[in-house]
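Next comes just one chain, in structure tokens: the form predicted alone.
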């Protein structure tokens, strides 16, 4: 016997951005959606922490990327939100003990630009290539290559050039005052969500789809699955019948990589760096972090570790990622910098059982897996989430648009 008040028209698995946007679109069209969320909060990988620091800390997604073509950027403007549009660029770089001069930092910036141009150029070729094999030669190649993991969530020897080319990039990386997670929640505040309701089985053998949770079972005409590809491959949800082989293969070829964030709040009296400044610290063959300063124009800095190194730091235990960023700060500013730090915190997305990582990357040769993952099954089960977006994967607006697309596909079936 179901513990839910009613059977919805559409059951949506996951209250991340994709699930919320799908529910909002369906609700606006007059259908009755119900969102089932395993965690005790909405937002998924887009969640703002308003308690740890004196200013909001986006533990997952932070930026409205490609703001010029990002529909969420338009919504932020329309809702009179204060938007931080300061571009982020490198002010200092330390590469294996070498503190780069101003002219060398400029060279580093130019190499970064050339690196991404070459990756995209190679992505136009008929045969997909591993990014590590196509990086242009340059003095700062060994350091700059670690930025690939921070963008794609996996290292250069694991990622696809063609998938990178498919991404639609545009001007602008904006931050919304109050935190991106809070902004997204405000946009979808009327959506009905049942938290603490992990879905354990989806049975689509009958005319309607049965969705089972520990609290009961519901039936719906359609289901939209927005869980990460990593959750799909982990087998946390049983499907009856099992997912088609092409769907399982697509999910396996879109694994979740890792990007963890380290919040570091400085005392108001410290003015060693300002909003828009970024520093890269490269201390060994794999050890690398970036630190962005002045989040929301405040004293909050955010460190980023990614790829294999981030996984190793998670395994090393709490505070390992924080200590590495503090090592970087001491290298840049001297050992006394720590006396200006009020508080720190860090994320551990790989250990999160509801995401199992940060966001998807395509294995080389499998950029088309995103389209396969997005295809519905029998007009009953639809798929959404950043991993299903070929042009905006790994982003909030990619998830947002994928949720809307699934909702629109269901609405077409209703007409």
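Numbering follows the first chain given and starts at 1. Quick caveat, the model's predicted, so the values are computed rather than measured.
The following text describes the form predicted in complex with a small molecule, which does not appear among the structures shown.
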Legend entry - Options 362-370, 57-65, 375-383, 22-30; stretch whose heavy atom lies within 4.5 Å of the small molecule in the predicted bound form: 57-65
Legend entry - 4.5 Å heavy atom contact with the small molecule in the predicted bound form for all of 119, 161 and 290: no
Legend entry - Selected contact from 222, 261, 188, 146, since only one has a non-hydrogen atom within 4.5 angstroms of the small molecule in the predicted bound form: 261
Inset, instruction - Go through 209, 131, 227, 93 and name the one with a heavy atom inside 4.5 Å of the small molecule in the predicted bound form. - result: 227
Legend entry - Interface membership of residue 346, the small molecule in the predicted bound form, 4.5 Å heavy atom rule: no
Inset, instruction - Answer yes if any heavy atom of residue 10 is within 4.5 Å of a heavy atom of the small molecule in the predicted bound form; otherwise answer no. - result: no
Inset, instruction - Mark residue 389 yes when one of its heavy atoms lies within 4.5 Å of a heavy atom of the small molecule in the predicted bound form, and no otherwise. - result: no
Legend entry - Any non-hydrogen atom of residue 53 within 4.5 angstroms of the small molecule in the predicted bound form: no
